[in-house]
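In the block that follows, a single chain appears as structure tokens, in the form predicted alone.
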């Protein structure tokens, strides 16, 4: 009987949409066709194809840049700030010791840890596994620790990493090459992926999300020159540029903030997909919600307050930066609200057919995710491993369209009306109080 009911419902579902007509289908799913598939499937595929063609045409130029890097062999300073990261430091040092690019110094900055970080770092220092161990006895926050490390560096290039990361063996080499392709590049983003995708459902969904938003999303932004963030997990910078902008400012949101400051002095930002880093994201939804609330609040605080001048034709106005910010605002802020309006529209105007609308909506988003995923796999260096994530694509509409939108919307309300980011324990209280006083 249950099987019969299933086929009966399926038959009714198909018949309804067969007789609905294209105009009605577009009227109901206009949000998907106008905003979602156009931006995240069609546009991304076009830009991705352009990237592949451009890379093939300029292949000799990139090989010459690789050769130039090896000939010059500049010292590269890798700084890794963190608090209570003792369990990850040895693994990080081991991963960096296996890099194909060898002329590096590794600097660990301990931001007031009360775990076994000091003992571990001193042992690694004695063994020659790291170059320097710096410590803030009183926690100052990630920006403070990163700037402390920057002051002690000797390298021509600075690579900022998170302590819980590991890297492909050629990651450092690959993230440096773009600097030798184009002298106007001030910073390069690595390709950050999830280290533990099979740890939980939460990890698997984030693994797909990272592939969508970092591997393809940032590649697209880089190609059209609107890239607006370099993850703190793996980013490379020209030291002279970092010094010129005064290093990192108070976070949360310092990863995107430093990129905006670089773009304001008219230097380009690039993303290198072959520079692969693996990070350890939250393994449960409670921890993930906390992280994403912080990330989303920083969008309001830094992009809509601190750097609002990029929306106006002032001395800091750059059209590519403006375009990237506007896309960020429209898709991550305005369309969050618009999506709620869309849901209300459906409930008011099509209440009797909701049982047909929501399943097809879910199917459309799933198909969209599958297409994006296949494009990503074509670029992947670990196709077999990442194809194992395919079954989780069935959950992505719930994860992105409902869970993530709800988290972002709540974060925006918190920050717009209550400036909650200044109360976030991610920074020491005294640091946040000073930031609020200075309105940064």
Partner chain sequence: MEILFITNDSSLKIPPLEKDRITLLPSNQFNIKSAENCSAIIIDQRISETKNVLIEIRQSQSDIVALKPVFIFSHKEISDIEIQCLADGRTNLQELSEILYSADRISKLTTTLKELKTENFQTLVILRILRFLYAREMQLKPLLSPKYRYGYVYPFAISQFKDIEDFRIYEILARMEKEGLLIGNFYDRVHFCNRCHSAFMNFREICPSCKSANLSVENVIHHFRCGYTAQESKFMQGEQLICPKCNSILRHIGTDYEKPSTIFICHSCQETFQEPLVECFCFYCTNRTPVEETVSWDIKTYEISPAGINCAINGIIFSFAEFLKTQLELVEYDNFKRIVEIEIERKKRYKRDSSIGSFRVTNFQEMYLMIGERKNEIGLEMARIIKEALRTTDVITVLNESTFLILFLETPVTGANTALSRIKTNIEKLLVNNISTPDKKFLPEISIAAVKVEEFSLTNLLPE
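Positions refer to the first chain, counted from 1. A quick note: this is a predicted structure, and the numbers were derived from the prediction, not measured.
The same protein has a further form, the form predicted together with the partner chain, not shown here; the description that follows concerns it.
Although the partner is absent here, residue 139 lies within 4.5 Å of the partner chain in the predicted complex, judged by heavy atoms. Although the partner is absent here, residue 281 lies well away from the partner chain in the predicted complex, with no heavy atom inside 4.5 Å.
Remark: residue 18 does not count among the residues lining the partner chain in the predicted complex, judged by a heavy atom distance of 4.5 Å or less. Among heavy atoms of residue 197, none comes within 4.5 Å of the partner chain in the predicted complex. If you check the partner chain in the predicted complex, you find no heavy atom from any of 52, 66 and 190 within 4.5 Å. Contact with the partner chain in the predicted complex, defined as a heavy atom within 4.5 Å, holds for exactly one of 133, 356, 210, 180, namely 133.
Of the candidates 103, 368, 91, 152, 152 is the one whose heavy atoms come within 4.5 Å of the partner chain in the predicted complex; the others do not. Just one listed stretch, out of 270-278, 283-291, 347-355, 143-151, contacts the partner chain in the predicted complex at the 4.5 Å heavy atom level, and that stretch is 143-151. Shown without its partner, the chain has 245 as the single residue in segment 223-245 with a non-hydrogen atom within 4.5 angstroms of the partner chain in the predicted complex.
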